[in-house]
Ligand SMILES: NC(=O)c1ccc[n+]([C@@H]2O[C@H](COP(=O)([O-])OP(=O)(O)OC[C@H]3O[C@@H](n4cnc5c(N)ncnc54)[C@H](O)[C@@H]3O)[C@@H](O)[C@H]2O)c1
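Next up is one chain by itself, shown in structure tokens, the form predicted alone.
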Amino acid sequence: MSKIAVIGGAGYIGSVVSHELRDMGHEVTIFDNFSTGHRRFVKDFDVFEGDIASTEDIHRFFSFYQPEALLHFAAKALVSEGEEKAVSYYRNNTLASMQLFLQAIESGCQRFIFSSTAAVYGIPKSTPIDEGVKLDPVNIYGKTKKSTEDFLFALAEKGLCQVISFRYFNAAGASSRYAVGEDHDPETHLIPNVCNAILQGKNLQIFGNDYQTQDGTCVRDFIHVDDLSRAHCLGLSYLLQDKDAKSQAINLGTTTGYSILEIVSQAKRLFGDFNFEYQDRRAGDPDNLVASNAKAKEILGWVPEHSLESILTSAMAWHKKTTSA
């Protein structure tokens, strides 16, 4: 098996992927600055504590570990925060990521999986969205990810690396296998906030009810974190097994969209009643983001296995356990 570097591997998605890669037999090393990641998620891993914005940290990391492949999850990822802190988002998500990938290449590591986002598509004219749609992000977060994708694919065209850029739709749920769920501060994601509203008796905040959707609330494609993790493992195998593997941008979603109110209704059916209230829209939120995953099926043989009910019940079980711990 291979030596794999997981950058941002103490975070929600990165830690689940790290566990699964290790279970496959890979030698996994995690690079994280723990600004948002959790030590408890990776307590039994080999961890290098450092920052991708530090040239000294990344030079020491690659000099010592010399990984054969790299998965990059270390990004600032709050849409509303990105609108307020554009410089910080470009510095971390684009400039520091470029520096990271260049150092990796200079160190002999040329196989990359990049954690991208459906936000690169902006406001789609139709759904489901396929990878051939023109990229036109409307928020800073999406723009920083597009800039990094452009950079990586330019390097790939020159034969300097092989890349899979996974464009996530809405990661959600908890991994029961690895006891990992969403734990952000602040928490801005819908599913954990639904769980918190139920468990803590708080009102759920819904941002906007005047979108161009069937009930006025945003429509999103929610994908279980275990399904995301499996896609990364398949993507890594694709890169490691074929030295001529074509660099790809690949959507990760379910092809099914749910409005915020539909999520609320499903949660009430499963867990009982709770209250919500409307707030103003958040800057940079598109009306409707639903994936076509045909390319993931074709290239990787990947199909999502978890339903919306599975996402909700796994998240609630994890939050209950975490709250009572």
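Predicted, not measured: the structure shown is a model, and the values here were computed from it. So that there is no doubt, residue numbering starts at 1 and follows the sequence shown.
Beyond the structure shown, there is the form predicted together with the named molecule, which is absent from this document and is the topic of what follows.
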query	finding
Partner-proximal stretch of 62 to 70, 285 to 293, 29 to 37, 259 to 267 relative to the named molecule in the predicted bound form, 4.5 angstroms, heavy atom	29 to 37
Partner proximity in the predicted bound form: residue 165 to the named molecule, non-hydrogen atom cutoff 4.5 Å	no
4.5 angstroms heavy atom contact with the named molecule in the predicted bound form for residue 13	yes
Interface membership of residue 171, the named molecule in the predicted bound form, 4.5 Å heavy atom rule	yes
Partner proximity in the predicted bound form: residue 202 to the named molecule, non-hydrogen atom cutoff 4.5 Å	no
Heavy atom of each of 52, 75 and 117 within 4.5 Å of the named molecule in the predicted bound form	yes
Contact assignment for the named molecule in the predicted bound form, among 92, 110, 103, 127, heavy atom within 4.5 Å	92
